[in-house]
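Here's a solo chain for you in structure tokens, the form predicted alone.
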């Protein structure tokens, strides 16, 4: 089975694109979803986080207080890297498990959505990389509209990620998300046809 990574900056529209692939029957694993599983209540990941940051980052019901943890790591590089050292290996393990289950289904390829693909240097683990691309000014507008971020906060979030140029440099294919859902659907269908042909050669 060919493994296709899908990445893009925050508010670029990765979910819209991955949903379009899913509607075509492509099996999709989403690192964001798996990262939530990695820190769910009673998980080894959550236990390690509580040991590193203290039980104050847990809510009364034992679940992770994401807002509190975000506020700790936002301006603390050491805290951020410590958190990543706990969560990223667990997400990779869960991703590999999901890919293994996909391999039993007979599909030619699967899609793995990895927002921080460039930042974590994982691109070489995949057979093909698809980048969802959007102009930075559009990204900022969407981020502020979605999260209620100030312009300064939105720019800070973008600055903490890989640049648009860095992502495009590793792309095998690009989906441009600046013209609406109908345009995305057409682009995804065309790319699905290409990936299916590639996967037949790959297998």
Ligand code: ATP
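Positions refer to the first chain, counted from 1. These numbers were taken from a predicted model, which means no experiment stands behind them. Rigid core: the largest C-alpha set superposing within 1.5 Å between the two forms.
One more form of this protein exists, namely the form predicted together with the named molecule; it is left out here, but the text below deals with it.
The stretch in contact with the named molecule in the model of the complex, judged by heavy atoms within 4.5 Å, is 171 to 179, chosen from 171 to 179, 33 to 41, 66 to 74, 50 to 58. For the chain shown alone, residue 16 is a contact residue for the named molecule in the model of the complex, at least one non-hydrogen atom being within 4.5 angstroms. Interface residue remark: residue 190 is not counted as part of the site for the named molecule in the model of the complex, having no heavy atom within 4.5 Å.
Using a 4.5 Å cutoff between non-hydrogen atoms, residue 20 does not count as a contact of the named molecule in the model of the complex. Interface residue remark: residue 142 is counted as part of the site for the named molecule in the model of the complex, having a heavy atom within 4.5 Å. No residue of the trio 5, 131 and 186 has any heavy atom within 4.5 Å of the named molecule in the model of the complex. Residue 36 is among the residues whose C-alpha shifts by 2 Å or more between the shown form and the other one once the rigid core is aligned.
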